[in-house]
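What follows is a single chain, given as structure tokens, in the form predicted alone.
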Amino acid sequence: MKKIILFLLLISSLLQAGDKPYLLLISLDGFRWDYLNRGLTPNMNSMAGQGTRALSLQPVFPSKTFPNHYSIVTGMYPEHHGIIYNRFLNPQSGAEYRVGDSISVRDDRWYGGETIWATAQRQGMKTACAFWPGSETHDPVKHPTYFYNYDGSVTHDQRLDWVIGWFSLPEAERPQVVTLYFSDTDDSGHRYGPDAVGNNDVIQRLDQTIGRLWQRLKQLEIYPNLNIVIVSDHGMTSMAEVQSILLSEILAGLEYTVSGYGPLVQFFPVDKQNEAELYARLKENEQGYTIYRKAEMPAGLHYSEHPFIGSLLAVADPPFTFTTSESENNESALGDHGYNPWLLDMHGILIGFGSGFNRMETGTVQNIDLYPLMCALLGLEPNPGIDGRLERVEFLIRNKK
């Protein structure tokens, strides 16, 4: 009798192991929604044709890399998760969060919310990140089981080796949630512009990388239970006719502290009188941008609640961009992003491939809804404090109960 019970327990464990869900989340930074329509991406188009493809993936405001990557994996707007720009100030302490600064990007105190890998680990899964904003923090509760600190020099194939290696680990050590990141189309979109031949070459090479990955994934034991989600954090708009807004000229003679650059700058006045003077001067010169008091920000932008957001915000319209005499980082080259997420040029892509997805095309999806969607695919209970809503995207899931 004891042998029969042990045998049944063994069979049960094997069946449960065979049913384990796996998820691979891939980000193609700056890959605009319409890049899939250029005849350059046969591999991704093939995956989209066998799964789910959205017309576009709408970013959160501001449509910058770190805020949107973190919204994708937390299901929260920046005003709630805290990564409000690629570079911003804590006005109370004077500390600065800055992309490229390893100390600040690994400081878990900047990051609110709960990432998909933290949710998975809290519920018994192992996870891995081949780069993702927020994955390098020092807090073991907030970082994945396996991860690498960001290094842009790591080749495509080395990143693929990491993913295949993780998914090939013994079951007890194998991650069920893996992220993979490529910056190529963001780099080329800034450098060449979104419609240039040089950018098209990069789009084509990136699709070839996805094709190589797909062929290798097919050889894995877990492949039947693997869902692949391909996204981009934002799109890109042409800045070939860029018009700079020089704040040092507009605000000459006034005292101000500014945070931000490019499409969005925020001001931290020293007092109410200074705030009124700054607002009046910016309003008087309002061309190519809109100046808002924090409380007057459009509700649809969801960008007013966090304490690190300035009391005055100047939001540019493309191809206008803010520059200051103190600016050290202006991303606008021949292409840029960070503008209003309602602009279609700011939208990215969404492809869902695997047994969990319906075969269908749909309209625009909000990227904050991806976190609850991924939780549903993995059988996880999502963090209850999110802004995303599963009911807006659950029709994408096959046999959703």
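These figures come from a predicted structure and were not determined experimentally. Start at 1 and count along the sequence shown; that's the residue number.
Although not depicted, the form predicted in complex with a small molecule is the subject of the following passage.
- With the small molecule left out of view, the stretch that reaches within 4.5 Å of it through heavy atoms in the predicted bound form is, among 182-190, 241-249, 285-293, 200-208, 182-190.
- Among 125, 222, 99, 312, the residue placing a heavy atom within 4.5 Å of the small molecule in the predicted bound form is 99.
- Site annotation in the predicted bound form: the residue of 35, 66, 61, 353 reaching within 4.5 Å of the small molecule with a heavy atom is 66.
- Although the partner is absent here, residue 150 sits close enough that one of its heavy atoms falls within 4.5 Å of the small molecule in the predicted bound form.
- The closest non-hydrogen atom of residue 86 lies within 4.5 Å of the small molecule in the predicted bound form.
- For residue 136, a non-hydrogen atom is located within 4.5 Å of the small molecule in the predicted bound form, even though that partner is not displayed.
- Residue contact check for residue 369: none of its heavy atoms lie within 4.5 Å of the small molecule in the predicted bound form.
- Residues 29, 132 and 337 are all found to lie within 4.5 Å of the small molecule in the predicted bound form, as judged by heavy atom distances.
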